[in-house]
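Taking the form predicted on its own, here's one chain by itself in structure tokens.
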Amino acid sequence: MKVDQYSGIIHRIRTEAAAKDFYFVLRIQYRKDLALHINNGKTEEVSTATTAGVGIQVISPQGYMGFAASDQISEAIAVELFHKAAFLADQGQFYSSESNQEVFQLEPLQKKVTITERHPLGSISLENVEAKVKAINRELTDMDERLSVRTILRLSAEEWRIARSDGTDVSFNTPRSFLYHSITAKSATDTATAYANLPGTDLGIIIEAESLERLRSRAHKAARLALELLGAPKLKSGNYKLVIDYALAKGLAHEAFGHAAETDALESSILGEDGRLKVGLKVANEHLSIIDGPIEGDYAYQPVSAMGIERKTVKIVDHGKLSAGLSDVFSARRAGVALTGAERVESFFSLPIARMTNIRIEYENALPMAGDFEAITPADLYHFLVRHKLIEPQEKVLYLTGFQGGQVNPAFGDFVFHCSGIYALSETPVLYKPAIFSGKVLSVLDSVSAAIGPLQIDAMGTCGKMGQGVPSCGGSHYFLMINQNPEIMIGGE
């Protein structure tokens, strides 16, 4: 890897830190990016970039911290950064800064993790990449003259090397890619938009037959939804029995629950009390668990934290009870939980904070369902629910599909999410315009009554927190059933 060449810098910073009796955490990042935007068959943007840089955290013996970073990497610059950060750490005690000495208790780690890319950036020409993405875009615009499609391809080949005073020296790469469609259908009186995406690790998402077929299925499904939404009626607002798909379940797990379980903000979290995680709190029935952790090849994969700590897979909720938090070294002990290595950064310019990777809702005894998720229609889902006696044939049940973001107040557990479409399930499902899905997160978790299908955990996104955006992923079983609850509302008319 490119970051292998910087051993001399690490050795020099160890010498400087030992001379001052200061502790350091050094992060070196090397990254190559490709961005390609196609709008209705025309290229809007093709850009490539290479960035590299170094950030150094320095902690004084009293636990005060300073940080400095540069987008240039050399031994001289690293030494300069170290002394700037050491000066800031020294000054911390005079400005009522918070001190923390937990980092001194870390065990050293030496590790190298290399993910091999089958189709890395540069393996085919940019012209060929552009032609392939144009063809993918054109296939959708050719479906119907009412469709307008913007397609975005992004690749990032990222490497990290992290070293600490205690001898820690880890390096890993996190290649990731995605192809994203924003599909808008327009009529004389109405407009509707749906989205489809496919995450991956490299250019294989536009080369390998299996990826192309999955992307095609998702895109066509989204295009049909956008077209069918033209002229669709609005739903009467109220409380309903619900079925949500895995993308919406990922949004629920990530936005409404995962952030509340991050231990650096427990003072203002519904899952915290006096800054400590409410371990043992019942939040769902005994069949439901919420798990976060790295999965090799996943869009949000990160095997080692930004502090050089092995990232653990964490059962945040274990069979209905709050079991563990997503903790960083500076807040784990205060929160009363084990250290999980949840520290992530957006770039070498950033300071580590506790973040999720791949978060998923798992349910014991989920009912098996055959076939790919993309091939299952609302009518298929209705017949499955009736056949397994999960609903009565004439029962009013809504199926919410797609996740289009939202907002959460972790202090009170209130959430407001947007979906892509709503079906009233029946022999002939009726599609309604998307409406707000809102309520109390603990009420939703406690109302999950069944899960259907295998796990599907490739719902991707970008997680924003404290000004840093990092890749996120996750999901659940194909579908989750949620009982009617007065604290869960579907907006509408």
Partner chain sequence: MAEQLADILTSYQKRDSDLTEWRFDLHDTRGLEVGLKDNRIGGPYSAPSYKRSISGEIFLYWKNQRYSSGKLDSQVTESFDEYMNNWKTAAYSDPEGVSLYTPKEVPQVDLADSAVEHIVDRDNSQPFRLLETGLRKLSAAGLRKINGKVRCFHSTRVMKNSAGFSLEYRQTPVEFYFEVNNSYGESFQEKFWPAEDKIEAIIQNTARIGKLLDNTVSTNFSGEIRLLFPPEVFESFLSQFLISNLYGSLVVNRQSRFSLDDFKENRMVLRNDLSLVLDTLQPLRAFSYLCTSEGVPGGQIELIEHGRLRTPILGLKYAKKTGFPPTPVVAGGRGFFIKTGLAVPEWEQLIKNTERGLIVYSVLGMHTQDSSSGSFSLTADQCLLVENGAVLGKVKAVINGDFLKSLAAEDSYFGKISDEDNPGYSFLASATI
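As the structure is a computational prediction, the values presented were derived from the model and not from experiment. Residue numbers count along the first chain shown, from 1.
Another form exists, predicted in complex with its partner chain; not displayed. Remarks below refer to it.
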Assess the spot marked by M143, R176 and E427: is its partner chain within 4.5 Å of a heavy atom from every one of these residues in the predicted bound form? no
Taking its partner chain as it sits in the predicted bound form, is F330 in contact with it (heavy atom to heavy atom, 4.5 Å or less)? yes
Applying a 4.5 Å heavy atom distance criterion, does G320 contact its partner chain in the predicted bound form? no
Is Q456 close enough to its partner chain in the predicted bound form to count, meaning some heavy atom within 4.5 Å? no
4.5 Å heavy atom contact, G66 to its partner chain in the predicted bound form: yes
For its partner chain in the predicted bound form, the stretch among 284-292, 185-193, 376-384, 112-120 with residues bearing a heavy atom within 4.5 Å is 185-193
Residue (of Q105, N365, T313, Q72) lying close to its partner chain in the predicted bound form, criterion heavy atoms within 4.5 Å: Q72
Pick from D372, E296, E127, E395: which residue has any heavy atom within 4.5 angstroms of its partner chain in the predicted bound form? E127
Quick one: which residues from 352-368 get a non-hydrogen atom within 4.5 Å of its partner chain in the predicted bound form? P352, I353
